[in-house]
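Presented as structure tokens, the chain that follows is alone, the form predicted on its own.
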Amino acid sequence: MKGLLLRADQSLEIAKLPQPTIKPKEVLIEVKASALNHREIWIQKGLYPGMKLPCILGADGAGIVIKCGSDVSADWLDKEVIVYPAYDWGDNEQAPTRQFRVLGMPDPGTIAEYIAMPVSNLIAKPTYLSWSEAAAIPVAGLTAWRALFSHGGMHKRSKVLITGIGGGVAQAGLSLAVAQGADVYVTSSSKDKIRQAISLGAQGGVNYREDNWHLQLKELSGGIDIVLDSSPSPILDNYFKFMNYGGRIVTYGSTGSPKTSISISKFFLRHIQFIGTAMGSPSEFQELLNFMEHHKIKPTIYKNFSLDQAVEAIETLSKGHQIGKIVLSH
């Protein structure tokens, strides 16, 4: 089979690889589509701990079950499925185990013609979604769902700020928040991205490169309850200018600055919560897909590539111009 392999010297190539063998509780999936995340770029740069190379990259994927292990019901055969993109979350919904890990390093990932997966990692693909749309959901959608619902407590009329609109998690968060009936505001350095976010249901947006962006946001929104944050400000005190008492800052990344400072007195006197999150549990993944199917939400796709164009697709992602997900059709 073909797959996107990251070699020990951190070079990428579409390589010929042996087809996976399955264990008793696993199935073999013919992957119909996969999608990219910035995780693949960070892995290639060697920025993840415990690197184990070579490895097939990719965490997002959807496909058809073509073979079942000895302990798997034959009813799974020919099922169209979306892959839960991680292993070993555990039984605690509040946080994963230390063994929790995302597909695509150290375990083989989805950017390949086939992948072997435990049947417990599979969820039936909603019929209203194309293969590309289904593959674009897992990592970004699950991260946004846990951040907004499980941590943020988002409800109808919540005022939500989504920073760095354009990326996969931000776009997923926008669609989920709009469907929930929240008032959504965004930040971006791109006027085009802000305009597109408004066309998709956002109330408005501000340019985070402007010195007084936080004051503009306060005037625009009247106060924010939840921040879905890929890039916390180096000075979190700026957030207090626009956050309502009891607000939640839920962060899933550090693309802007790996460190931040905060005034502790303002933090606790305003009852602000600062919450870190990454991915989500299998049950949250099912909740996400149920919600998306109920509202017929489709993820925003920026561009489709073929599997043979996977290296080019990663180069496109690294430029950061996209609005939505980059998908590979297999």
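On a predicted model such as this, the values are computed, not experimentally measured, just so you know. In case it trips you up, residue 1 is the first one in the sequence shown, and so on.
Only in words, not in the display: the form predicted in complex with a small molecule, which the text now covers.
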Listed residue (N304, Q44, T300, T277) with a non-hydrogen atom within 4.5 angstroms of the small molecule in the predicted complex: T277
Single option in S254, S120, Q99, N212 placed near the small molecule in the predicted complex, where near means a heavy atom within 4.5 Å: S254
Non-hydrogen atom contact L317 with the small molecule in the predicted complex at 4.5 angstroms: yes
The small molecule contact in the predicted complex: K193, any heavy atom under 4.5 Å: yes
The small molecule contact in the predicted complex: V139, any heavy atom under 4.5 Å: yes
is_contact(N92, the small molecule) in the predicted complex, heavy atom dist at most 4.5 Å: no
Segment assignment from 162 to 170, 84 to 92, 177 to 185, 108 to 116: heavy atom within 4.5 Å of the small molecule in the predicted complex: 162 to 170
